[in-house]
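Single chain ahead, by itself, as structure tokens, in the form predicted on its own.
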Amino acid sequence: MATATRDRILETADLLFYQQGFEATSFADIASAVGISRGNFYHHFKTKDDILDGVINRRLANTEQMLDRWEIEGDDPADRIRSFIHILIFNGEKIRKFGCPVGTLSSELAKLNHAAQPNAASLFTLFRNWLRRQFERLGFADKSDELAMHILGRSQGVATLANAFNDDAFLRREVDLMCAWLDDQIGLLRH
């Protein structure tokens, strides 16, 4: 029961941090959304930073599971990279409404000069390393990290602008352009 309550708190805090922001979300907001008393809440988490650490660890675990699933389901590295690109469409409504969950948390913690910012940024590192491995498997060798950073940076820019303009058509066009860019890179490598 205690583990289930703790998991519900983290799931709810994760959602509220994403929708409202870390700083704007209070203990009371989370406790109310979970439906537990503040006393019971403090039994599981003593500080908001403890919750933040749990949320970041939860996001890391979920991201690792997603990347593992893409490894299994993708026919080849290019298909796996396309899975990464298409997450913008898969999460399109949320991205247009709240931005990228990784980017928004990392940016907010950087503005707050919060000690957990490097931990939040480790989500980007996870994506970067995974993308770099996919490009290496395609044969890009020393250029793999540069390409990984390009697609990661472009996806963040698309998420930010799709959120700023609440523009689904823009998001979909950019996903198509990123996939075309990937095909072009592979074509150049083969010639």
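These figures come from a predicted structure and were not determined experimentally. The numbering used is simple: start at 1 and walk along the sequence shown.
The same protein also has a form predicted together with the DNA, omitted here; what follows describes it.
Here is the short version: of S26, N129, N166, S32, the single residue with a heavy atom within 4.5 Å of the DNA in the predicted bound form is S26. The contact residue chosen from R154, K48, R133, R58 relative to the DNA in the predicted bound form is K48, the criterion being a non-hydrogen atom within 4.5 angstroms. Interface membership of Q185, defined by any non-hydrogen atom within 4.5 Å of the DNA in the predicted bound form, is ruled out. When the DNA is considered in the predicted bound form, L123 lies well away from it, no heavy atom lying within 4.5 Å. Put simply, H44 is close to the DNA in the predicted bound form: some heavy atom of it is within 4.5 Å.
Though the partner is left out of this view, I36 does reach within 4.5 Å of the DNA in the predicted bound form, counting heavy atoms only. Per the 4.5 Å heavy atom criterion, the DNA in the predicted bound form is contacted by stretch 36-44, the sole one of 135-143, 154-162, 36-44, 64-72.
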